[in-house]
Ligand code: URA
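Read the single chain below, which is given as structure tokens and is the form predicted alone.
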């Protein structure tokens, strides 16, 4: 049986050297008794001569993990690391096995040590102990780490406070930096450090940056555990800050600035003007639409396609956008989809010439492919920009019912485009308060490859058109 005692200082180097020798000699984990500094020796674990050093291969990822986990406070950490390293020699893939219990435990130890290092960097509070006329200022701090993190974390303080002398005192190991050189000493009881006048200034600053409106006690205690409070000067102010937070938050809300009524009225007027405010004469709408530059679609389209039909029509039919034929002729719903609509509308008893027919988007959006122009669905921004003209048409016509054909029309009228198949046949309110009957777009019927599905969808579309007729003639409620 091999008995190995690892010192409190130089722990990583000592464990690495011992593990390398034992592993090279083929000593299994069950034949080793590991202990830390100050531990009593096992009755059956007499100190034995270490085997000679041999060459071994260790994955870099294990070394990086072990360099951190070896500082954990678990007394079994040395044995756990060696046992896993023993397995790793025969199964190098273990460092990638997230389901391995031993690796998970070591990773948790590594995480805990890194967290303890972070807390040490955040919560060490120095107090000046040197003479005012000394060539280098001197400071000291008392800290009680959860794990053995003084030695691996000391370099951080050397880099940050290299222009002064300091010492970090803990119950186990103390770090001393004097004259530009770092050394480690044994731990000691908590010293009686002098008061620091700057602490009062720091506590005042802490009180002023404390935001009572964003107080989350559990989150605060997670980042600043209570075990560290006794060594933090600002911690004395926390109970009072927590207790007074609700009252202070209410006072902040009551003292918050408000927008002057005159300025608010002006801002609301400007906002209303940006939504839709075209209110010219009906005969001027086509010319105004032809000059539209609200979105980039005008650049490639042949022309804008306005709506057509009686301005007192009880029904407004809204499609998606002009297609290839509509773009060339300047009339809505005259292409293949429009022809299908006309046929099914006639079967349902809906007279197109008595309705106002338009599109949610007035310019043709397409992608050229050879000599063909392939239809592209308008995006949300283009639909929103073109609402200017659709709102103007709704204001002019004032229809009793709007027939929204397809997802784009539904989006422009109600603000929602999703779930069009589930919404089909239902009555919804437009953003302006009109009743809108949601249905499919005829182009959807043309694209269905399955004949049975196309027939079923066509019958549903026909039923929706019949319902529109029934609503207009008073046989059904809107």
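Numbering follows the first chain given and starts at 1. This one's a predicted model, so the numbers in the text were calculated from it and none came from an experiment.
Not pictured, yet referred to below: the form predicted together with ligand URA.
Within this chain, residue 321 lines the site of ligand URA in the predicted bound form, having a heavy atom no more than 4.5 Å away. Residue contact check for residue 424: none of its heavy atoms lie within 4.5 Å of ligand URA in the predicted bound form. Of the heavy atoms in residue 120, none are within 4.5 Å of ligand URA in the predicted bound form. Ligand URA in the predicted bound form comes within 4.5 Å of no heavy atom belonging to residue 397. For the three marked residues, 343, 348 and 465, no heavy atom of any sits within 4.5 Å of ligand URA in the predicted bound form. Taking 81, 402, 355, 337 one by one, only a single residue has any non-hydrogen atom within 4.5 Å of ligand URA in the predicted bound form, and it is 337. Out of the listed residues 333, 383, 113, 315, 333 is the one that sits within 4.5 Å of ligand URA in the predicted bound form by at least one heavy atom. Here the chain stands by itself, but in the predicted bound form one stretch of 123-131, 389-397, 68-76, 325-333, 325-333, has heavy atoms within 4.5 Å of ligand URA. If you take 359-374 and check each residue for a heavy atom within 4.5 Å of ligand URA in the predicted bound form, you get just 359.
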